[in-house]
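Before any questions on how it binds or moves, here is one chain, the form predicted alone, in structure tokens.
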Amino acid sequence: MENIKEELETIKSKCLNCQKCPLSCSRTNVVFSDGIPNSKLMLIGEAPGYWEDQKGIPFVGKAGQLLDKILNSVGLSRQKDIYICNTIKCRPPENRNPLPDEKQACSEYLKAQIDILQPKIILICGNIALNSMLPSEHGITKARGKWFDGPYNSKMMPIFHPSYLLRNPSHEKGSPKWLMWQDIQEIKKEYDKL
């Protein structure tokens, strides 16, 4: 485990000094990761938002608070069970979607995080992450809740981004929040098998 932490720190140091795309000029902080480095569970989000850029930690705004509640609902927590990172490590201006060249510039850091941890389960959180990890014609609505083969024999499941759930507050059967509840229970079943 110590070796894993050292390897991640090496990549993080490189990332903190990165100037491969224009986002390096507008960022407040690089947002590298949070949670605990482990080989069981990784969540890949889209891109840092305002609060993430301010604090240098992924998922700390309202969406992050909801993500923590979702994880806690099945007994998981970022302090003990999950490694959290994003497709790109710097906030795009006005929270716009990352441009292809920005995603490309940052791809080595995400790939390194996956290569070092070799997680058994990868949660792909939102459309941007889905298109980065599983380029396909399917959007998150069709892909969510399904298992896909991932790197290092991992299982990957796309899930709705918590910010989408905040915009869709209904808990009725078939609603995004209801579907997320189904997905997180399925994820926990797989996690418990590890």
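Numbers for residues come from their place in the sequence shown, where the first is 1. None of these values were measured; they are calculated from a predicted model.
Keep in mind the form predicted in complex with a small molecule is missing from the figure; the text below concerns it.
With a 4.5 Å cutoff on heavy atoms, P158 does not count as touching the small molecule in the predicted bound form; it lies far away. In the predicted bound form, the small molecule sits beyond 4.5 Å of every heavy atom of D34. In the predicted bound form, at least one heavy atom of A47 sits within 4.5 Å of a heavy atom of the small molecule. With the partner left out here, the small molecule still marks one of 52-60, 135-143, 149-157, 22-30 in the predicted bound form; by a 4.5 Å heavy atom cut-off that stretch is 52-60.
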